[in-house]
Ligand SMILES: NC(=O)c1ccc[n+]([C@@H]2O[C@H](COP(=O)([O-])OP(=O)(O)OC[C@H]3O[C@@H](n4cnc5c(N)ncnc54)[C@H](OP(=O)(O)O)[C@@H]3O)[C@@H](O)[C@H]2O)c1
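In structure tokens, one chain follows: the form predicted alone.
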């Protein structure tokens, strides 16, 4: 049995994908886990896939883009369980398309899902995290660091998340709360390569529908990304790029944008 004094981790976007793997990792480390998502049925289904015998996991349905719902959620959590040690902002959505065809409404939706949800949850969680000296982990993407081709407004939204994360880290450090960003490359999933339907835009090459917009980087196992989340919590790391060798290439690209563009083109292909 997990003690009532066990640390508590709240994971948004916890009903599917990476969020479930992150939840399993925290359960294995003795945390009480709270999964948050919009669909209660999907949350309940996610719980059945978790090793609940090793920990306590609960579900909290909430539309995290709605400030009133977020406020009500954290008010409930302030009463029960009454503490929070880790917030993992795992909610997000991605896109495919050309910048020249990006509609403001679509960009607004991407920013809402990738940035505003993390902002609202972090603001509402702050009192409990300050009391516990806790950690906020924002799940970014390689698109938080570079602007690849064919990914619509996704890179814009993830760059915004990266900027917000650094600002939060600097402002909250004196209050004992650590904030970090994890920027993984494409994560392995069953629908990789079939997730995006680009058939309605003949100007997009076939590679646009592939992971990372056609990057040649090998997909990451979601368990490895979940391990990185735990590493960030334990070490209070500020920024993790996955795979790690790309940090050097990203730094080179920032120092020399011309070379950075060449590298980005080299790591993707219009073939296939």
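In this text the structure is predicted, and so the values were computed from the model without any measurement. Numbering follows the first chain given and starts at 1.
A second form of this protein, the form predicted together with the named molecule, is not displayed here; the remarks below concern that form.
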item: Touches the named molecule in the model of the complex: residue 236 (any heavy atom, 4.5 Å); value: no
item: Contact flag, residue 263 vs the named molecule in the model of the complex, heavy atom cut 4.5 Å; value: no
item: Proximity of residue 134 to the named molecule in the model of the complex, heavy atoms at 4.5 Å; value: no
item: The named molecule contact at residue 38 in the model of the complex, heavy atom, 4.5 Å; value: yes
item: Interface residue in the model of the complex among 83, 189, 106, 173, criterion: non-hydrogen atom within 4.5 angstroms of the named molecule; value: 189
item: The named molecule in the model of the complex: contacting segment from 57-65, 243-251, 24-32, 227-235, heavy atom within 4.5 Å; value: 57-65
item: All of 97, 147 and 208 with a heavy atom within 4.5 Å of the named molecule in the model of the complex; value: no
item: Those residues of 9-45 which, in the model of the complex, come within 4.5 Å of the named molecule by heavy atom; value: 13, 14, 15, 16, 17, 18, 36, 37, 38, 39, 42
